[in-house]
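Just the one chain here, laid out as structure tokens, in the form predicted alone.
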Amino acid sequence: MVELSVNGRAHSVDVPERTPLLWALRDELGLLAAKYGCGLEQCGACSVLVDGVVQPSCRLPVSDVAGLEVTTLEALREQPDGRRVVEALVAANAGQCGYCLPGIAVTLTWLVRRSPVAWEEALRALDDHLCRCGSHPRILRVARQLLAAGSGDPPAEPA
């Protein structure tokens, strides 16, 4: 049994301590926004916040987050910054298939909360997300809009 704090609520999950957080979130708690993508922490589909910092959850053992606060997109979209990010992504039709968008929304919310953020740092953070359907240019346009207010004017077009 592992004790987790997820989205502000305490949960006891009956899984082995080395179980990846992603599977505890999806299979035990029914939180489906974080997705399985590569299983190697390289695509960003499984991103969550752990104590306010973006982390991939596909290989992160539940025992490593016991006592820490895990926040998923389900909770973020109910908070002002997260809601603003989700609404901006939807308004810009920033996803074609949408598979990567939950992880990207988590990362963008993290960046917005850290604002001001240098545009280059934001690009590096978003580079950790693999968009398979080609929507990345639209996602970057939304990111520029969201981050422009806090970090000055980013370049007109990302490099």
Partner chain sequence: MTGPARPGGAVPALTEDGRLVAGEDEPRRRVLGSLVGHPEVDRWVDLAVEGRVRVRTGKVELGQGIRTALALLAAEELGVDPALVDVVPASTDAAPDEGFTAGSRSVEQSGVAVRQACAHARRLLVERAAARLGVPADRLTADDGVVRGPDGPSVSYWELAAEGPFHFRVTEPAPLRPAAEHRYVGRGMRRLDLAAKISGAPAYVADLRLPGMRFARVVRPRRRGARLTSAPPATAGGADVVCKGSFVAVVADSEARAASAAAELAATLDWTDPPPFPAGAADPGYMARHVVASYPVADGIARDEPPPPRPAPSAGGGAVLRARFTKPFLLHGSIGPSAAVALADDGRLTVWTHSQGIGFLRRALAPLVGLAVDRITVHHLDGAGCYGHNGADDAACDAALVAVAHPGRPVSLRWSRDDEHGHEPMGAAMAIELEAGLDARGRIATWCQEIRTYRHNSRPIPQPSGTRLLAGWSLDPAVERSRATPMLDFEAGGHRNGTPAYRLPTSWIVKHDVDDGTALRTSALRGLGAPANVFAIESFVEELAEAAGADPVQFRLDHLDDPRARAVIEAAVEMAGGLEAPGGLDAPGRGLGFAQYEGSMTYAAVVVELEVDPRTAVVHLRHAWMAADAGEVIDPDGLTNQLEGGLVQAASWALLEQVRLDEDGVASRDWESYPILRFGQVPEIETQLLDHPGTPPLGAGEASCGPTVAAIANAFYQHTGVRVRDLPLDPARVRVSLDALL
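Positions refer to the first chain, counted from 1. Keep in mind it's a predicted model, so treat the numbers as computed, not measured.
FYI, the form predicted in complex with the partner chain isn't displayed, but the following is about it.
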Report task. For the three residues 11, 51 and 80, verify that every one has a non-hydrogen atom within 4.5 Å of the partner chain in the model of the complex; reply yes or no. Result -> no
Query raised in the report: Looking at the partner-bound form in the model of the complex, is residue 67 within 4.5 Å of the partner chain by any heavy atom?
Result: no
Query raised in the report: How about residue 111: is it within 4.5 Å of the partner chain in the model of the complex, going by heavy atoms?
Result: no
Query raised in the report: Can any non-hydrogen atom of residue 61 be found within 4.5 angstroms of the partner chain in the model of the complex?
Result: no
Query - Proximity of residue 123 to the partner chain in the model of the complex, heavy atoms at 4.5 Å - result: yes
